[in-house]
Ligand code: UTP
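Next up: just one chain, as structure tokens, the form predicted on its own.
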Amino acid sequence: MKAIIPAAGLGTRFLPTTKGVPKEMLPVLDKPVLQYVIEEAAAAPACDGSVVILSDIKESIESYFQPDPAYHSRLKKEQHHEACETAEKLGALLTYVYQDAPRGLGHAVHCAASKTDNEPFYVLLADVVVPNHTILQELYEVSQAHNGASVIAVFAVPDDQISRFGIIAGTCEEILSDSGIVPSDDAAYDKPGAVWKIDSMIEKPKRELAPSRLAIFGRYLLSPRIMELLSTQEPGAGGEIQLTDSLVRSLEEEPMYAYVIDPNEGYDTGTIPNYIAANVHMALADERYAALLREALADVFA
């Protein structure tokens, strides 16, 4: 099973930095966002490699994960080689596909069709960091419990943020707990661990029209049928090929589930405020940086 990681976007929210550095290569703490994502994919159940979707201006991403003997030799002399060794080992698990133009997430995912061998596949959005690698394991467990069905990660958002996301509709049926998947109760419908059977999805609805407050997160485990549907998907919002549109079409043919994650399991780095917040949250959780950051924040707010 492959993991597809779309990373072809222009990163315009981060201009002018992204004129020279791909957004996915901006660091969170001590390594690029994309490295966290690839490490997560490598740890996912049944995953045997990742397909990274690039544009022709992002060749530096491919270079980063390739061995560089001369540079490696210099680092060894300075005792800094271990970090680069980790990146190079990850590089052995990667293949690359180049997207000819920015034509939407669905188009980017379909660019990897020839690499998935008509098998289920993961999709990991490249601007979302999941430090503890928990979500794909959870999606896999839910999928296995439902005969290999597609499962997408969702999270509960406040009412005033509903219109920013794709929102699911359906029925909360189960809870994934330490003892396995058990029947749900009504009070658990938006709590982490809840499993929904999806009836439909609505892209960025007005709050009063939203069927729930569960928003699509950047992690998916999808059936081979989704890839087939993407091959015939017509352009949707923004004139682009939307993954969500093919997910909705698939509901006519096969079941799909949503798994409610804890929002603290992952961090969106796709905007400057969220990128800053991700660095702060992850630094506070890291013993190398936590004390220093708390001291600096105390000085700021003194």
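Residue indices: 1-based, along the sequence shown. Given the structure is predicted, the values throughout are model-derived calculations rather than measurements.
Another form exists, predicted together with uridine 5'-triphosphate (UTP); not displayed. Remarks below refer to it.
Contact with uridine 5'-triphosphate (UTP) in the model of the complex, judged as any non-hydrogen atom within 4.5 angstroms, is confined among 119 to 127, 223 to 231, 146 to 154, 164 to 172 to 119 to 127. Interface residue remark: V195 is not counted as part of the site for uridine 5'-triphosphate (UTP) in the model of the complex, having no heavy atom within 4.5 Å. Of the heavy atoms in L10, some are within 4.5 Å of uridine 5'-triphosphate (UTP) in the model of the complex.
In the model of the complex, uridine 5'-triphosphate (UTP) stays beyond 4.5 Å of every heavy atom belonging to L214. By the criterion of a heavy atom within 4.5 Å, L139 is excluded from the residues contacting uridine 5'-triphosphate (UTP) in the model of the complex. For the three residues P6, P102 and L105, a heavy atom within 4.5 Å of uridine 5'-triphosphate (UTP) turns up in the model of the complex in every case. Interface residues of 17 to 41, taken as those with a heavy atom within 4.5 Å of uridine 5'-triphosphate (UTP) in the model of the complex (partner not displayed): K23, E24, in sequence order.
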